[in-house]
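Quick heads-up: it's one chain on its own, the form predicted alone, in structure tokens.
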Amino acid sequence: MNELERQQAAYELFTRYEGNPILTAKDWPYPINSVMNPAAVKMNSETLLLARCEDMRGFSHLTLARSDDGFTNWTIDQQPTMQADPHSREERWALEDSRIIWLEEQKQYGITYVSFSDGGPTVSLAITKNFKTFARLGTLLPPEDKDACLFPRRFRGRFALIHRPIVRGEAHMWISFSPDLKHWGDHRALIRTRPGYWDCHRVGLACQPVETEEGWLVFYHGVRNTTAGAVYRLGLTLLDLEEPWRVLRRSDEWIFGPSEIYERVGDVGDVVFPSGITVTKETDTVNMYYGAADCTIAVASASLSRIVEYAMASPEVED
């Protein structure tokens, strides 16, 4: 696949659902300003979205929405599913931008999310079996840090976490390791911004990692600042299956960007922010859920095998 063929393949990977946006503030059973950036997971036959909801104060909480088909007839919790603890020093203002994975060893779902307080944004962890009761394990890493997700299994006896700290004003993606989900170390830069590219100013994890035979598919958002403001788009990288700190491939071009009116106009225009994905291997289908213009939730679908084919055609990354 040459460069032009790869760019054409990138353009054609995802198809937007014709009924987008699938969830808006008007759908909510209680007053909110906006809904965005959902974590996504399949539980039994249902699609679950843990959506970030911003209230009229500008503070966010997380609320669960369920659907049998992942597109329509959403059932939304009648009150916030997870909300900030006003007595917590780490999260008394807001909970934001969660990601969900199934921790096979613990037989529970792990939810990473951003806790926000006057100390700044930090990465926190909660676990649950049923999305009704939650054990909050607290902050994993100090501020300023966002866009985090665990891998579903250990590597050489250690858990792995992708996250996005701000260091000297720089916003790159890092990977860190822990023996117990509490003490973290062996921090390494994983994906860096690229001068001149569409992801030159900031990068951060999008959806939870997806395990394939070729490696871990990791979608990430990239930001480029323009005279009209920042533009958020989606890129793709492939990590080694057993050594996820090794980047095998990375797309030169973005594969999904704001084009529809609901993505270009909203509380923050020109933003697509995928944060959850579901995979149905029997039908070779990926459903990617994303916040559109920091205002609504939308979904786009793709073939998993075509995504993997595109990833393998992307440039190799030198150590």
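Note that residue numbering begins at 1 and tracks the sequence as displayed. None of the values given here were measured: they were computed from a predicted structure.
Not pictured, yet referred to below: the form predicted together with beta-D-mannopyranose.
- None of 249 to 257, 63 to 71, 41 to 49, 270 to 278 except one has non-hydrogen atoms within 4.5 angstroms of beta-D-mannopyranose in the predicted bound form; the exception is 270 to 278.
- In the predicted bound form, no heavy atom of E54 sits within 4.5 Å of beta-D-mannopyranose.
- Although the partner is absent here, K146 is a contact residue: one of its heavy atoms lies within 4.5 angstroms of beta-D-mannopyranose in the predicted bound form.
- In the predicted bound form, Y220 stays away from beta-D-mannopyranose, with no heavy atom inside 4.5 Å.
- Within this chain, Y113 is remote from the site of beta-D-mannopyranose in the predicted bound form, having no heavy atom within 4.5 Å.
- In this stretch, 220 to 236, the one residue having a heavy atom within 4.5 Å of beta-D-mannopyranose in the predicted bound form is Y232; the partner itself is omitted from this view.
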